[in-house]
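Given as structure tokens, the chain that follows is alone and in the form predicted on its own.
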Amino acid sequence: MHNVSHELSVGDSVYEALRHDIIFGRLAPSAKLKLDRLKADYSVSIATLREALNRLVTEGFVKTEGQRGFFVAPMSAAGLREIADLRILLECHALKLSFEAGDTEWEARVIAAHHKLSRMEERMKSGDHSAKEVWKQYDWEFHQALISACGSEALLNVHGTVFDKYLRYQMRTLTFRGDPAAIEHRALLDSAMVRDISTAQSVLRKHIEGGVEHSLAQSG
């Protein structure tokens, strides 16, 4: 039983490590994932690697091509727009449910997450780009806090995967939009406090679409 638990722990660990490295660009889009190289880099067995890679195939971060093996999922402008549209659909729905059900504890989570993000955005605006991954982590935490009262674990899980796919595109350019993004985050906070779902959904669409256009402009 101990060995089984240990193996599951190792499998989860390498899955998380591979997923993180794909999202943050350490494993490049369309790159072939050579098992022998990954075995050495992540210090795990081939069997454990295959299990982790198949989980990532299910989520869409990795592709298989017949007998050719595993590849990091490719990226394209059309793919970014598709992921952004899906994120808007899911997050707008989750916002509505969360605004309707949110209580004082939820408000506190949203305020705390926005405080951390806004402080990091001030650093980014001042030219300090030394903690880019922390900035994106705080961005995720704020958006997650906004929808955390939606009452659906399945919705949160699906949204989390879609958000990470969107983040993967952002990490290719990883530049901060500056005041527009910060202003939109503040507007989302203000809308949450007064339960103004119409304004929040409108701001969210603008926020995500603005991120798409910024990413495409930076990569073009």
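For clarity, every value in this text was computed on a predicted model and none was experimentally measured. In case it trips you up, residue 1 is the first one in the sequence shown, and so on.
The form predicted in complex with another copy of the chain exists for this protein as well; it is not shown, and the discussion that follows is about that form.
- From the list 81-89, 105-113, 122-130, 139-147, the contact stretch for another copy of the chain in the predicted bound form under a 4.5 Å heavy atom rule is 81-89.
- Contact with another copy of the chain in the predicted bound form, defined as a heavy atom within 4.5 Å, is made by none of Gln170, Asp179 and Gln218.
- Though the partner is left out of this view, Ser9 does reach within 4.5 Å of another copy of the chain in the predicted bound form, counting heavy atoms only.
- Of the heavy atoms in Phe24, none are within 4.5 Å of another copy of the chain in the predicted bound form.
- In the predicted bound form, no heavy atom of Arg195 sits within 4.5 Å of another copy of the chain.
- Among heavy atoms of Ala40, none comes within 4.5 Å of another copy of the chain in the predicted bound form.
- Residues of 144-158 that come within 4.5 Å of another copy of the chain in the predicted bound form, judged by any heavy atom, are Gly151, Ser152, Glu153, Ala154, Leu155, Val158 in sequence order.
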